[in-house]
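To begin, one chain is listed below as structure tokens, in the form predicted on its own.
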């Protein structure tokens, strides 16, 4: 019995070290999973066509900017970039305007079918978009929304709303309702209590939810390719342009598609960390 008790601290220390090792290894693998593809994308974008097709590859490129120069001078690329920014911005605004009140209602009110409603929100993401392509195209043509940024933003908002609702629901649930009740006793209405007490606390999370909506819209290509012709977004434009393009131009197109989203996320990264803090209260 005494020997077993004496061995317990050693076993606990070994288990703790094993857990720390697994945690560190998981972090390294996750970072490699994200960084390595981005590195090879950058390497091939800044390399000459001969280096892109060569093997083995050098660790550093020789900085041949011919592929990027080709896209910078390519007709229609700036318009497609503007369309992507415009559609993503509208998607971001509409998803928050619709999703945040729904998340607040789910976190603050009890009503019949609440759990079923949350499940239905998740199931909307499981419905395959290709099945809706033809009905959406016919509907948009009849209503005049085809080949417009607003029409495409409506589709992207539908894709982003489930994330906006569930994220804001979890964040509103992390804010004690007693704060609002205290504001009510001091003369605030429900709306003023929300705007003066809850909204300042939840604003980082709202911003982070908007970031997810922006990224979803930025990366979406199927609806953009089906519902637009002249006003294509950048992913749909690159898909149409690079179908038969050489490999080095495909890498450059992927780089142009990825970099703006990375810059946007990096610029608002503090809101992501703030959301993490709110959600873990």
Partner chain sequence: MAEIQIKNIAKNFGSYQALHDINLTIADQEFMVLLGASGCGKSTLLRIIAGLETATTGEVWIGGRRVDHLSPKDRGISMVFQNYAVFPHLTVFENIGFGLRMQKLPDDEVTRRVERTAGLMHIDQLLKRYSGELSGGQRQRVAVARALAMEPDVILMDEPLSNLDALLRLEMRAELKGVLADSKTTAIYVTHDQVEAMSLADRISVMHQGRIVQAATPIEVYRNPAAEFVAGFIGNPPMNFLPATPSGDGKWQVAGQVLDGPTSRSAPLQFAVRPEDIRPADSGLTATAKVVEPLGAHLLVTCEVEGTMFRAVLDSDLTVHVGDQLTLAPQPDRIRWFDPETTLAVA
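Model, not experiment: these values are computed from the prediction. Numbering follows the first chain given and starts at 1.
Form predicted together with the partner chain: not shown, discussed below.
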{"query": "One residue of 85, 96, 153, 183 in contact with the partner chain, assessed in the model of the complex (non-hydrogen atom, 4.5 angstroms)", "finding": "183"}
{"query": "Contact label in the model of the complex: residue 115 to the partner chain, heavy atom within 4.5 Å", "finding": "no"}
{"query": "4.5 Å heavy atom contact, residue 79 to the partner chain in the model of the complex", "finding": "no"}
{"query": "Contact flag, residue 192 vs the partner chain in the model of the complex, heavy atom cut 4.5 Å", "finding": "yes"}
{"query": "Interface membership of residue 197, the partner chain in the model of the complex, 4.5 Å heavy atom rule", "finding": "yes"}
